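Taking the form predicted alone, here's one chain by itself in structure tokens.
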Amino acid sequence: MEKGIWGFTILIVCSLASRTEGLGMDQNRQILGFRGNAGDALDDDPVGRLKVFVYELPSKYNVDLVKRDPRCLTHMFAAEIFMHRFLLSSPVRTLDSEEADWFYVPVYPTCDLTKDGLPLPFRSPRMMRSAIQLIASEWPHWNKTEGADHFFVVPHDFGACFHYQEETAVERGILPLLRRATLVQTFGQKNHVCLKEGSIVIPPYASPQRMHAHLLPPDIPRSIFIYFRGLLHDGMNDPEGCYYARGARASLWLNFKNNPIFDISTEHPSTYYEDMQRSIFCLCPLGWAPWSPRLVEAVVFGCIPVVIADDIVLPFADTIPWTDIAVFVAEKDIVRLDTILTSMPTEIILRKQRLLANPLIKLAVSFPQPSRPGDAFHQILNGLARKLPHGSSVYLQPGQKVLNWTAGSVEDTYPWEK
């Protein structure tokens, strides 16, 4: 398709998609016509459907870490911090542990950052073991179920496998003491050892305040067809280029760096968020892990996410209609990406744009402060509520033990020091 024709289409897409801006949620649901019950589930109210007991751990496991390094509040793993804050004032919280359906352990395993702001996963298993040993010795609830009615937020690259390189994460596996608990994590990939059955996959954290500060008028023309800004090769951790993004990002650059319909670069301009709002498609390729905040940013800014990550499990996949709002391209098909996107019928693009304009969708992937009904905090609670009532297998017989406290890496059993 010629570039001039696409310019006309871009203006149409922008104009029609923006018509749903400012409408109420009920109006949006009627206009957009969600498939199945996704639209109804997105604004389910979890209050009254579950009660959560929040363990009061020593501050060294959580708030002291943030005081020491406030950067933890803004990185992509910050959901662990804001979920804790949300639950402390949530109406689902109970101070009576005997009436609780779920027990939340407020540990911040990713708030241990390098000088460059990257999380160090190596001490996280020790921190987790230390916290579990504490609650098992001070409260009776862990020992009744060995964690099967407990949940942890573990937003590392590969969740509770606690490593940023997939090969090592797979070798480690999920920390043995967490294998009965429900894990709330950003990592999601089908048939992967780091995603256990029953886990709740959540969006990575992207600052709602920062995104809101860069909002453009909804009728701004979308003059960029395909947009990407990000790392294309990790020379520090993968100098030979054999592992990072399974070669997907390198293939993007090799095949499309000179293609005029692609706006891709490693540079991260100050107009990054504005550029996304001027784009039709935003590429969301895997990096070290399948996910990144780019997915959230694309949804919030109405740019159709192009997900390039085989077997990815997306956040709240049982309620967000991802197949309706995103495009999925197999890693092996990256070389045909230009053909795939330019041959997409205009009516399909229009529908995805209209769905992305719905505030229900944007809210479901966001962690606003203060919280709002239907946001990611509430989606997590809805996920927990749907698991109730607990089955008989959750509760152990007196004296019964399932977990092996000495299993796993020898280094993980060393005492944790703040």
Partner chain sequence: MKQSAVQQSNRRAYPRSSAGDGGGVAAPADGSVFKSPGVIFWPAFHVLCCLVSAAAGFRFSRLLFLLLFSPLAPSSSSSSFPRQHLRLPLVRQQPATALPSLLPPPAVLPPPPPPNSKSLASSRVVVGRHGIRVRPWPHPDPAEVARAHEILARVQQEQRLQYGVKDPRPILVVTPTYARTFQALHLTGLLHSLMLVPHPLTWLVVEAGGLSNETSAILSSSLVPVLQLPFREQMPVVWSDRHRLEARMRLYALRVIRERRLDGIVLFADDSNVHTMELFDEIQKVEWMGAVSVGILAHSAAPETPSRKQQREGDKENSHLPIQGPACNSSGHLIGWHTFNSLPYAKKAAIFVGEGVIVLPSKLEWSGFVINSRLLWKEAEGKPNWVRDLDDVGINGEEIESPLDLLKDATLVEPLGNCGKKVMLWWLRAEARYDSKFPTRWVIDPRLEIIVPAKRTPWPEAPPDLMFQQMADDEEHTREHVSKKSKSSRSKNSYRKKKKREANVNTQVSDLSIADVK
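Residue numbers count along the first chain shown, from 1. Quantities reported herein were computed from a predicted structural model and do not represent experimental measurements.
Below: the form predicted together with its partner chain, not depicted.
With a 4.5 Å cutoff on heavy atoms, residue 307 does not count as touching its partner chain in the predicted bound form; it lies far away. When its partner chain is considered in the predicted bound form, residue 328 lies well away from it, no heavy atom lying within 4.5 Å. Taking the partner from the other structure, its partner chain in the predicted bound form has no heavy atom within 4.5 Å of any heavy atom of residue 129. In the predicted bound form, no heavy atom of residue 134 sits within 4.5 Å of its partner chain. Comparing 185-193, 93-101, 78-86, 145-153 against its partner chain in the predicted bound form, the single stretch with non-hydrogen atoms within 4.5 angstroms of it is 185-193. Interface residue among 321, 218, 176, 106 relative to its partner chain in the predicted bound form, by the heavy atom within 4.5 Å criterion: 218. Shown here without its partner chain, the chain has 288, 297 in 282-299 lying with a heavy atom within 4.5 Å of that partner in the predicted bound form.
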